[in-house]
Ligand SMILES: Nc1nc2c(ncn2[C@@H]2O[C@H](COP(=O)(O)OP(=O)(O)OP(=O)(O)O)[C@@H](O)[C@H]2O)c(=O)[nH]1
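Okay, so here's just one chain, in structure tokens, the form predicted alone.
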């Protein structure tokens, strides 16, 4: 009888909890009980299963709780929240997405992840998948609402990101409750068609994405009991979403060319550069970054709602920023094309809101400016409520996937192939 040889799993020396950002050794991991009588964990609410340090294991390496039930989920030894087992094998990449209220974060997140699931496989021979479907439940519902809606002709909208509820966890330390944001977790791995497939252990990543309500970046909102933006200090990549329709100078120029309701009927006006100042202060307070030093990790200024202001930029449909390579079914991100767009967009922002550019470049050494339309079309105003909604059948995102592809290509070598050749004829993104 043939016996299957089991290949030992290589664990990382240290794991960072994506919830409380505590660094711990794999041997300190606690497990989640499965026996129905083992409930009411000391750290968690609502009768959550007990966390425990195991003494018995199955042949497959799963822990056995005191009730004799085999367990599969593991948790952080500090906050007791569940962490995906992929974190024990893959290097993490922490991504923070910030911006003012109503800047389009929920739409951007949904469009970004939906596009990456398709484009990573089709064009870059990489898989992009949920590392923890339970943690990604809210974001998955956003994707379904926009891209898999059974009523594609019925106008709808996504709920605004709130400061509590399903996007947060509450953990009890002694007598104090602490609120943490729930991360969205994804794995990126090369497929067997990728040239580095046999180096998967080095090329794979687990991406932890954080989204906060815009109100979380108001001064005084960050505290010991409410450290919901402490992920900023850990993040490998910062994305600041700038909404031109919230800037009256942009709106005034746009109105000369369009009757888009995002421009004509936009009631929101915000000083968006103040969010960058608040981000800078929080990172300095939680790291050793001096007041006169610049942050060394990249900052992407993602300029949302491109469909509303494209006439100011000159291209109605942004082109896909990648080119075919000699290898079948494998593309390379064209860095020259992305950087050219970044320079042009910086010039446009400098003309209309120079304080935003100045704030970003005073804070970070590496700043890039990328246009995005999460929907690729404008909304319509609901006749009864006046709320702006969009019909799923009309959605055709532009560049929603590009910020993360650009970061993976430029700052995380080996993940996404890239080229620097000038563009000739590139196929449109639609």
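Keep in mind it's a predicted model, so treat the numbers as computed, not measured. Numbering follows the first chain given and starts at 1.
The form predicted together with the named molecule is left out here; the points below concern that form.
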{"item": "Partner-facing stretch of 344 to 352, 187 to 195, 78 to 86, 209 to 217, counted where any non-hydrogen atom is within 4.5 angstroms of the named molecule in the model of the complex", "value": "209 to 217"}
{"item": "The named molecule in the model of the complex reached by all of 113, 117 and 403, non-hydrogen atom within 4.5 Å", "value": "no"}
{"item": "Partner proximity in the model of the complex: residue 101 to the named molecule, non-hydrogen atom cutoff 4.5 Å", "value": "yes"}
{"item": "Contact test in the model of the complex: residue 33 vs the named molecule, heavy atoms, 4.5 Å", "value": "no"}
{"item": "Contact of residue 106 with the named molecule in the model of the complex (heavy atom, 4.5 Å)", "value": "yes"}
{"item": "Proximity of residue 379 to the named molecule in the model of the complex, heavy atoms at 4.5 Å", "value": "yes"}
{"item": "Heavy atom within 4.5 Å of the named molecule in the model of the complex - the one residue of 262, 334, 359, 229 that qualifies", "value": "262"}
{"item": "The named molecule: the contacting residue among 44, 64, 370, 388 in the model of the complex [heavy atom, 4.5 Å]", "value": "388"}
